[in-house]
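A single chain comes next, written as structure tokens; it is the form predicted alone.
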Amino acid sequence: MTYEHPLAYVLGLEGIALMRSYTGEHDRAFVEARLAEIRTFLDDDSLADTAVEVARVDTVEGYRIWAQTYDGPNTAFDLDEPFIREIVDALPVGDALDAACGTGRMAAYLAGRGHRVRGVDLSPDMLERARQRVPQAEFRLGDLSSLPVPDASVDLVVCSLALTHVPVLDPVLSEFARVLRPGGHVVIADIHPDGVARGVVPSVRLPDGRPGRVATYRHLVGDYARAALAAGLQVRRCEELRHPAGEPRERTDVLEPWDVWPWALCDLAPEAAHAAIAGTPSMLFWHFQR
């Protein structure tokens, strides 16, 4: 179980913002405003007794729940798809594997490009939706660290928004290399480890109404590189997509249910949230080749 307190979240934002002032990004007025806002939050009784215990849910259970709404609006889809398309559109058509295919979002795109597509996922509920979505593809139940795919049988592996759910990267990257033909490509997109450290973790509502978080692990950039190189993969490209600088949002006291969407709490302290998050990496992208 995870203990989550809204006051801890907003004070965490304030703290990160204040630490960034030590780099010279913010002036005295900004620091004094943050300290005054912290005092206000500490005196706010509405935040005092609203903490919740949050269940840590394994990937299969989490995605079973999420399968019903997974294809709804998701800003991560808007971020990963342009990068994946930029890489894949330049590659020749062949045999492609959508690793951790979910509901078949990437499989549908790959099939549309003319690839012969296989998909593998741990969630039977997600696979059912993928088969309906991409009937011409082959989908199998399986784990990323033990893919039900023959050696050297695909030209391309695409894996998006999945590797933060595996505890160790090495066996997964080894499997990607195993199923690739010589010269084959791996394209990966996932939440940046800095985002995971800030609590960007998939949220679900359990059948009994309790909030849950899907088990998520923080893999540093170096962790990906070491696992890939050890598997015989070469780095072709690495990108860290940053949150746009923009302007702080307007403060609001009317929030989405924060126990399911904790990042909604950013709207309680928009200036601190902007200072803490703007310009920091949100997504991590990799292109490897065997």
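In case it trips you up, residue 1 is the first one in the sequence shown, and so on. Values in this document were obtained by computation on a predicted structure and should not be read as measured data.
This protein has a second form, the form predicted in complex with a small molecule, left out of what is shown; the following refers to that one.
At a distance of at most 4.5 angstroms from the small molecule in the model of the complex, none of the three residues Ser203, Trp258 and Trp263 contributes a non-hydrogen atom.
Only one of the listed residues (Gly199, Gly142, Pro171, Gly94) places a non-hydrogen atom within 4.5 angstroms of the small molecule in the model of the complex, and that residue is Gly142.
The contact with the small molecule in the model of the complex, taken as any heavy atom within 4.5 Å, belongs to Met126 out of Val88, Val179, Met126, Val134. Between 40-48, 55-63, 27-35, 234-242, the stretch whose residues reach within 4.5 angstroms of the small molecule in the model of the complex through a non-hydrogen atom is 55-63. In the model of the complex, at least one heavy atom of Gly102 sits within 4.5 Å of a heavy atom of the small molecule. Using a 4.5 Å cutoff between non-hydrogen atoms, Ala162 counts as a contact of the small molecule in the model of the complex. The small molecule in the model of the complex comes within 4.5 Å of a heavy atom belonging to Val166. Looking at Leu122, you'd find a heavy atom of it within 4.5 angstroms of the small molecule in the model of the complex.
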